[in-house]
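Shown below, as structure tokens, is a lone chain in the form predicted alone; questions about how it binds or moves come after it.
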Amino acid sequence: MDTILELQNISKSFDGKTIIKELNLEIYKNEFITLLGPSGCGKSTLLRIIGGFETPDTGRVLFDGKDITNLSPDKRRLHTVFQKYSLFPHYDVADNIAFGLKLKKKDKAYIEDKVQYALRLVNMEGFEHRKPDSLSGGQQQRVAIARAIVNEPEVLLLDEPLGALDLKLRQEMQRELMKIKKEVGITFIYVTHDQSEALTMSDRIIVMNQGIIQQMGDPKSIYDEPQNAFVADFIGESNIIDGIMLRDYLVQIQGVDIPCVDIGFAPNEKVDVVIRPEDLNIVEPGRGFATGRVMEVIYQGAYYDIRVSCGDFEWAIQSNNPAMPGSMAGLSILPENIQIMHKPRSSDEEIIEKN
């Protein structure tokens, strides 16, 4: 794939606190890439560095191989859409969309054609003469995206743009963004702390924590094959429990030997064992690898969220079948649904396992 953006050894600190640590990343043409992580992990700072709103302490930003580290935002071939849409309240929708084109002194026919194209793209035809305060949050977001698209950026940066919308509107806008990306063919760099957004929309996810990339990959590999406990815990819910890798294909959890598919660990190595709630099955007491008491059952619509206490660990299970609170239940798991990870060997590795 062709690289459009390259970040080389990017570091950034504020008031003596390091936000990004020697980060390296390549971003490819026409991909939808998501920077995902908790608040304060450095994802928005990284986006601002790409957009030219912040300058890194060290490192370079390359666009098509050219150094743009010190180039101002208006000189970069990209556009940023923030969570606050910053629409001009005294302009109507058409004038808001056309603002950048007018600054570039494009002719009237060109501007009208581009505005109509953008309105069709974001399903806002017929709203040309409406003022922003008469629009819903989702409609205002569409106008902000249309305003960015008419300027034909090669890269569109989006900083938690759906955070202020309710769940239904967020899901609707997710579908719109995927459609726009497909039709326009530009590179999207999207910042969010919402795992479901990242899994739904992304070609590639960059999971960040404490200014460091924890893992990068397509949504399925990030979810199914987390590289460390942070990723496993942050991307969806996980049961993470201490284990001992007795030998290849055999792990011990809570004193019980369980077949798995993992290899390459030292004999009797202490490990972290990750099991997704949807991969656990409730069976008759005494069967499976553990038996415990059902502590809680919550109906979630698509499944039941069940908690089963086994010794000093409470297992989270997502099942289509309910269980009776207070009853005893066994737990079973297929070997291929068990993920084994090395335990961190130092405080640094508690932040990241090096790729």
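In this text, residue numbers run from 1 along the sequence as written. Treat the numbers as computed from the prediction; the structure is a model and nothing was measured.
The protein also exists as the form predicted together with a small molecule; that form is not presented, and the subsequent description refers to it.
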- Does C41 make contact with the small molecule in the model of the complex, using a 4.5 Å heavy atom cut-off? yes
- Message: Does any part of E160 reach within 4.5 Å of the small molecule in the model of the complex? Heavy atoms only, please.
- Response: yes
- Heavy atoms within 4.5 Å of the small molecule in the model of the complex: does H193 have any? yes
- Item | Interface membership of I333, the small molecule in the model of the complex, 4.5 Å heavy atom rule | no
- What is the one choice in I19, M341, I338, I10 with a heavy atom within 4.5 Å of the small molecule in the model of the complex? I19
- Query: Which of these stretches, 26 to 34, 282 to 290, 311 to 319, 44 to 52, has heavy atoms within 4.5 Å of the small molecule in the model of the complex?
  - Reply: 44 to 52
